[in-house]
Ligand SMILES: Cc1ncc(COP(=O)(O)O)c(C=O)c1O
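What follows is a single chain, given as structure tokens, in the form predicted alone.
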Amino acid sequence: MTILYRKVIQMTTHLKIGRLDADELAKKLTTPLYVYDARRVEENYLTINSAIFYEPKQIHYAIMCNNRLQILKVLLNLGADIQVNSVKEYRLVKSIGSSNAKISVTTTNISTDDLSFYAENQAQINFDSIEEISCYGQLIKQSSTVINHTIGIRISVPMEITDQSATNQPHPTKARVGINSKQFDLVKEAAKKYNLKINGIHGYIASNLIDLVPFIKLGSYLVECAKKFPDLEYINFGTGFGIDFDWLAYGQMVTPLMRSISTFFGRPIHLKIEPGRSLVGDAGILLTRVTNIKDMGNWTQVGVDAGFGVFARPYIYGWQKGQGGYHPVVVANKIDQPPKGLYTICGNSTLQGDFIAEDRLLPEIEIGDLIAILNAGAYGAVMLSGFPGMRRAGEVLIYDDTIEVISETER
């Protein structure tokens, strides 16, 4: 079982989330329902923060994985910084009091309008292309109010990812994210032309990685690239950390790297990372009710009231063991009962591939039982579409025995 199972589920007749009974919660608020455990979010942040003993550092929560204000406030109260991907996310974070010093903008294909917005708001951007840098330079050259002339660049990292569970891997022949190291001289020329100072570099390889080796390779590559930029103030090692990632090993790896680059420059260089799923993924559970049981001859299909429109990860990334969209499941109202058979849990859309969990050994399932899909706190509710015309899932934040309703389940 996963760490979430050991820490969150208490061995009683029903699944407990915080101090609350999941089945009673689902009956009160109806399903489908996303439940987030604030205590677990806190534990994850503190684990990461304490494992990386290098200073100065900033842990930028990548809010694209779950942008609910209630979760943002939990992390901000702990001292987290924020990584945003859009003007919409930037405005959201600013609305709850974050300063530019705590916000990292990292995205691709930024429109001229958005670049103008970021410029006027003095945001720190990790640029993805020379073209964007030139456009930004032209905008601030024409402005009399922009005073921030520092920029970061996002670097394309040449690395093959073999982990089957990884998501968002680069295209094998057309890696689209980042600036190639062969273009560094052109980047410097563009920056110099518009009086811009490159004060940071950013790297990214893939998402949902557990293996430390790719991060070791990424770290070493970025440190070598960093030496080419004399005005460097930070290295952002990006995101991609999966649930149950070995943060202690990561801290032991990245700390000497940062100390070496600080020694090279003769000044402290800031370490930045952008964990997302590793912060909130295992803090979320999707509760969904069994609506149908269908004998398929050589397998049993369990239908539930959540599917692709509520929870898209299994469909997009693959629901089988070892794939990126694999999620542990339990029968929340029979947590103490022994397994009785193999069940395949399917969503309520008409998509042939709307599988949530295949051939799982579970207690006997009956109509009305409550299925809990674990590790659903990231890239779950933020990808809600309602397709094909299904009702939206509700969301709540649990803090011990306190319930904060984020949104109600659509009736």
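Numbering starts at 1 and runs along the sequence shown. Just so we're clear, the structure is a prediction, and the values are computed from it rather than from any experiment.
The form predicted in complex with the ligand is left out here; the points below concern that form.
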### Query
in the predicted bound form, which of the stretches 221-229, 267-275, 325-333, 254-262 has residues with heavy atoms within 4.5 Å of the ligand?
267-275
### Query
Which residue, I52, A38, M64, L384, has a heavy atom that falls within 4.5 Å of the ligand in the predicted bound form?
M64
### Query
Quick one: is G284 in contact with the ligand in the predicted bound form, heavy atoms, 4.5 Å cut-off?
no
### Query
Does T288 make contact with the ligand in the predicted bound form, using a 4.5 Å heavy atom cut-off?
no
### Message
Can you tell me whether Y45 touches the ligand? I mean in the predicted bound form, with a 4.5 angstroms heavy atom cut-off.
### Response
no
### Query
Would W319 show up as a contact with the ligand in the predicted bound form if we use heavy atoms at 4.5 Å?
no
### Query
Looking at the ligand in the predicted bound form, which residues in 191-215 have at least one heavy atom within 4.5 Å of it?
H202, Y204, S207, N208
